[in-house]
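The chain that follows stands alone, in the form predicted on its own, written as structure tokens.
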């Protein structure tokens, strides 16, 4: 079986004189999660609606698994699970009843429906609520059922439109955990978001769009390397309190270290240059000095800095 894929070629959407999407060309292939990042109004939802034939392009074409969405809507969407703008579920239904309706509409054979419904309820961690009325559910629980509905026909491609927007922190964490688990099932996930931490946490690659135009598309690591002007930063944590001045003294011999910023508690952000080799030497130095280093991770601010810099160039 060929790897799942999504492709847009010169995809454009205009509403009168307003251009919502401007010649977007993008190809995603393989089992992974791609974050579609951009501010509100950037063109993310427009793109996803074009991909699923909810609206029609002014120019260009889009493909799912190599088949044109515009020419063969039914055939392409057989392979896609879609969640756009979070539909409401009838409150008097149970998840099992709601998913039975979706499975029927999606053409899942009657003999397979119960098994598929049980599987997707387990995937979204809602098995214990399968026969409870949806009207009693929190917004996060309803969103998990919506995701289950997108998965009930076992699609190779999953398209999610800001799936955690509007949820409380617990609901957001639950949805992100589900997306991470979906990556293990050999699916291609295309997920729009304007939440940087969400993209950093669950996505393998990221495409940034602003004012209808694609600014870049690459792996998270390559994006950071490409747009960081040779600089990078890591967040480090220590088991014991250490003064900023003492940490500066301990790293003074490393010419790659450019700055140290306290983050509170025993945590610091260290800015350096020189790539992975310099990061390796930094870690070795901190371990050798027995400072109580317990963690080192790429700074969560890296993508945020790149995002803000790229968006501001359009102002």
Partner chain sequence: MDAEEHATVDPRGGYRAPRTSVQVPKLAGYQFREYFRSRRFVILAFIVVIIGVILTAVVAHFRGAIVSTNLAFYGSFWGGGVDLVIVLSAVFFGGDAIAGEFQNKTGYFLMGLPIRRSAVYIGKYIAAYLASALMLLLFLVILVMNGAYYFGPGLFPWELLFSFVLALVYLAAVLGATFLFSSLFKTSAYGFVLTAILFLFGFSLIQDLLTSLVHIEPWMVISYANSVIGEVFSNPVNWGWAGQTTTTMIGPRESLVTYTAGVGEGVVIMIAYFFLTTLAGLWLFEREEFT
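The term rigid core refers to the maximal set of C-alpha atoms that superpose within 1.5 Å between the two forms. All of these numbers come straight from a predicted model, not from anything done at the bench. Positions refer to the first chain, counted from 1.
Just so it is clear, the following notes concern the form predicted in complex with its partner chain, a form of the same protein that is not shown.
Checklist entry - Here the chain is shown alone; which of 198, 205, 78, 210 has a heavy atom within 4.5 Å of its partner chain in the model of the complex? => result Residue within 4.5 Å of the partner: 78.
Checklist entry - So which of 176, 116, 194, 187 reaches within 4.5 angstroms of its partner chain in the model of the complex, heavy atom to heavy atom? => result Going through each option in turn, the one that passes is 116.
Checklist entry - Any of the heavy atoms of residue 89 lying within 4.5 Å of its partner chain in the model of the complex? => result Answer yes; at least one heavy atom of residue 89 falls within 4.5 Å of its partner chain in the model of the complex.
Checklist entry - Should residue 269 be classed as touching its partner chain in the model of the complex when contacts are defined as heavy atoms within 4.5 Å? => result Residue-level check for residue 269: no, no contact with its partner chain.
Checklist entry - Does any heavy atom of residue 102 come within 4.5 Å of a heavy atom of its partner chain in the model of the complex? => result Because a heavy atom of residue 102 falls inside 4.5 Å of its partner chain in the model of the complex, the answer is yes.
Item to check | residue 72 within 4.5 Å of its partner chain in the model of the complex, heavy atoms | outcome: The answer is yes: residue 72 has a heavy atom within 4.5 Å of its partner chain.
Checklist entry - Taking 55, 82 and 97 as the candidate spot, are all three within 4.5 angstroms of its partner chain in the model of the complex by heavy atoms? => result Every residue of the spot touches its partner chain in the model of the complex.
Next on the checklist: Tell me which stretch of 232-240, 149-157, 122-130, 177-185 has a heavy atom within 4.5 angstroms of its partner chain in the model of the complex.
Outcome noted: Only one stretch passes the 4.5 Å heavy-atom test: 149-157.
Next on the checklist: Pick out the residues of 102-119 whose heavy atoms come within 4.5 Å of its partner chain in the model of the complex.
Outcome noted: Result: 102, 104, 105, 106, 107, 108, 109, 112, 116.
Checklist entry - Quick one: core overlaid, is residue 214 moving 2 Å or more at the Cα between this form and the one not shown? => result Superposed on the core, residue 214 moves its C-alpha less than 2 Å between this form and the one not shown.
Checklist entry - residue 182: CA shift of at least 2 Å between this form and the one not shown after core fit? => result Not so; residue 182 is displaced by less than 2 Å.
Next on the checklist: After core superposition, I'd like to know whether residue 93 moves between this form and the one not shown (criterion: C-alpha shift of 2 angstroms or more).
Outcome noted: Shift of 2 Å or more: yes.
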